[in-house]
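Here's a solo chain for you in structure tokens, the form predicted alone.
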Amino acid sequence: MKKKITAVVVGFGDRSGIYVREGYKHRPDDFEVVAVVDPDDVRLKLAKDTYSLEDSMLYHSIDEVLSQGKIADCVINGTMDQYHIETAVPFLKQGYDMLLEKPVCNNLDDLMMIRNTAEEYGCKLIICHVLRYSPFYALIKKIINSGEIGTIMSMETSERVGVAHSSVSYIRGKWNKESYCGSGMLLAKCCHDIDLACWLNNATKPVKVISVGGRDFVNPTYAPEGAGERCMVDCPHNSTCKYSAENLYIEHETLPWLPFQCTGRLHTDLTEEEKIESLKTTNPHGVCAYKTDMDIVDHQTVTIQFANGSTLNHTMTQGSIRAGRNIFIQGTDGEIEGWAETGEFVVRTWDYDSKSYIEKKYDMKAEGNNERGHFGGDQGIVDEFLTLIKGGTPSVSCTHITDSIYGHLCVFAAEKSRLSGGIPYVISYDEGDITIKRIDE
């Protein structure tokens, strides 16, 4: 029997922890973590205790691991966005296959460097666009590939980021400043959605992008009248505001591992009194949501034109009451419409006899495929990655790194367009050389 796939985990945070857990849970005979790199001693201790690692296999920097040569088959890279270029390229040059958390990076030059390095050194590089690997989106892709709805004409998608997720990650959290994490809202959150569109429509390539949006509503102008600086200190709206820190993080313990990372301790080791004290004093998650130092958008719309004339229109909103993703795909011979959170979608085709349409319904939730992380995508991508390394045949969800960068190109172009007031930007391809320019340049 072939040996287990061994992995070095670089950045033992939330996402890489999930991928490791999925590997041990669903592929225990195929997967083993042999080393973890993280500058945080708390995270290293958690990795040690969880996976029975020796102290000698816990590292504070990648240089300590790289100096030993190749000690495993692959790397699970879960570092923050701005560290991907410096943590991915050295391991790829040592021949490690890699599961790399999205986004790949935050600019075109680094994107090309990572892609070219993976190709030059023959590495399997899978980007964690986990929604591709969920049964919901994978089945939609298979139906498109079957030709049932013909050629894609247009797509409409939306990403409604809910109150809790918006607050803990993007309004108050560690992705709330592009100047810190290196990624705007579209790249940090919606590179999933733009990737999905480019993958579903990858019979063609994106060529033109237009975008508008801004931080126009989650700002001091829209703060409730008389709002204080901290929810639990001086705000009269603490018991009624949808962004109340007390309601989200104390009463309902929403996404509890995120709002207390700044304490330097695991949330499970903190008492309620300690959590309250942090929210009242130094914790950024205790600041009024409307008065944070956030510099990313709270809403944005992106329009993409593909080389064959087909289009995508995607809308992102923060602080949505009902969170979730919608999708509508119009083809030349039919259409697909669905709501990812329910796991339900329909395929409609024309019925010549009745002069109406025939509708086929699909329910992934009923089949038990929509309850796991990212609608099953977290497990799906780990299964796919391990299968690929062991020499298996990739599924429809898994594509070469070249195919996985189109969504990033669209995001880079969209941000340029938004910052220029909605001027279209054009993506050009010339024998592997890619450029993004204003349409009037």
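Throughout, we count residues from 1 along the sequence that is shown. Values in this document were obtained by computation on a predicted structure and should not be read as measured data.
The same protein also exists as the form predicted together with a small molecule; that form is not shown, yet it is the one meant from here on.
Although the partner is absent here, residue 192 sits close enough that one of its heavy atoms falls within 4.5 Å of the small molecule in the model of the complex. In the model of the complex, the small molecule lies farther than 4.5 Å from every heavy atom of residue 425.
Although the partner is absent here, residue 80 is a contact residue: one of its heavy atoms lies within 4.5 angstroms of the small molecule in the model of the complex. Using a 4.5 angstroms limit between non-hydrogen atoms, residue 102 touches the small molecule in the model of the complex. Residue in contact with the small molecule in the model of the complex (any heavy atom within 4.5 Å), chosen from 40, 32, 383, 403: 40. For the options 176, 87, 283, 201, the one in contact with the small molecule in the model of the complex, meaning a heavy atom within 4.5 Å, is 87.
Of the candidate stretches 40-48, 406-414, 23-31, 391-399, only 40-48 contains residues with a heavy atom within 4.5 Å of the small molecule in the model of the complex.
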